[in-house]
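Next up: just one chain, as structure tokens, the form predicted on its own.
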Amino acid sequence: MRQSALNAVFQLAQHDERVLFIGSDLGVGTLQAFRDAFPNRFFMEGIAEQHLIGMAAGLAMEGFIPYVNTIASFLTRRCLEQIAIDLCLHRLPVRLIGNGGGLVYAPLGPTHLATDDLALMRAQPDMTVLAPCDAVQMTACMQQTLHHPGPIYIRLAKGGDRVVFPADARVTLGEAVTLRPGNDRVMFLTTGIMAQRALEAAERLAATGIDCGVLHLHTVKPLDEAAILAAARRHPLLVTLEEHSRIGGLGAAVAEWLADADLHPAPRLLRLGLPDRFPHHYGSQEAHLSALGLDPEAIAQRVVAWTNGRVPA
């Protein structure tokens, strides 16, 4: 997914001389083809993330479209004031590409975990927030970022994620995509790579007689309200699934929308995500997700419990 995003930036640069790439302490050889082709539009600024945002803002004010890439936790949390004041206040067309959204960098400890990035970026006025599910959808989304108004945050996963997005499916920023049709009982609402886990959980649930659909929201902000409304009217149980804190992410966004919509009858909402605490052990991304009950089997068990009227703590 990461390589697909960076390749797309290079492709955009070949067709639009306004496109710049700004990186922070990335690996040797990152986007070497871009650097060779457009040395005056390639910048590697070292470990100075806040500077990157100010630099990108200044270049955007001069008519450029900067694509800024570094580790997601540092890009969002460390640079929050610069993003708010330098970018969002002026609605500048800067594209923030965050490596390792969620628990990707778990082996490096809590300092490198981007488990609040969606919440931080959702709260910024005029910020668009994207979390595609795989390399195919990432490439399609990146092609639409060039002319999109205002700043954009693009969340990257680990890379090598299983491709589940149909190659012939249409991608439009702000429009959810149905990855699996279901009956009128349960609908998963996913973002990022949790789409893969929802699809696996749905297969397990189908074996028990529970036919779940999967609606993927690659755009966390703005939400596709029409798609959520349609799902809410048809399914008595909505299940949000994300690799993010349950505070401020996709589940919170859907809960806020449901509260404002004041539907009668309203569906039940099960929000599956990360707890409100830093992890206190080390391990891989996979190990953390499994320990937190976000593996496909545990997800399926939670859905079964809810459909049977049992709501675990």
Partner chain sequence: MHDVTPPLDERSRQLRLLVLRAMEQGGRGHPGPALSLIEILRVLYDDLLRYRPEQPDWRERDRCILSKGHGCLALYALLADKGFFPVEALDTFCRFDSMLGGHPERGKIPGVEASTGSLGHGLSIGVGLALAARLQGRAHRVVVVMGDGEINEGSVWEAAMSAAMHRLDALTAIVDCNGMQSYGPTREVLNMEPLAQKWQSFGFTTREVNGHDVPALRATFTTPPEPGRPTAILCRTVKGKGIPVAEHNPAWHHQSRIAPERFAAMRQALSQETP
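Here the structure is a predicted model, which is why all the values come from computation and not from measurement. Positions refer to the first chain, counted from 1.
Beyond what is shown, the protein has a form predicted together with the partner chain; the following relates to that form.
Trainee: Any chance A259 has a heavy atom within 4.5 Å of the partner chain in the model of the complex?
Mentor: Although the partner chain is absent here, A259 would stay clear of it in the model of the complex, with no heavy atoms inside 4.5 Å.
Trainee: Using 4.5 Å between non-hydrogen atoms, is R204 touching the partner chain in the model of the complex?
Mentor: No, no contact at 4.5 Å.
Trainee: Closest heavy atom of E45 to the partner chain in the model of the complex, within 4.5 Å or not?
Mentor: Yes, E45 is a contact residue.
Trainee: Can you tell me whether M61 touches the partner chain? I mean in the model of the complex, with a 4.5 angstroms heavy atom cut-off.
Mentor: Residue-level check for M61: yes, a contact with the partner chain.
Trainee: So which of 212-220, 236-244, 81-89, 125-133 is the stretch with heavy atoms within 4.5 Å of the partner chain in the model of the complex?
Mentor: Correct option: 81-89.
Trainee: Please pick, from L272, A252, L31, M55, the one residue with any non-hydrogen atom lying within 4.5 angstroms of the partner chain in the model of the complex.
Mentor: Contact check passes for M55.
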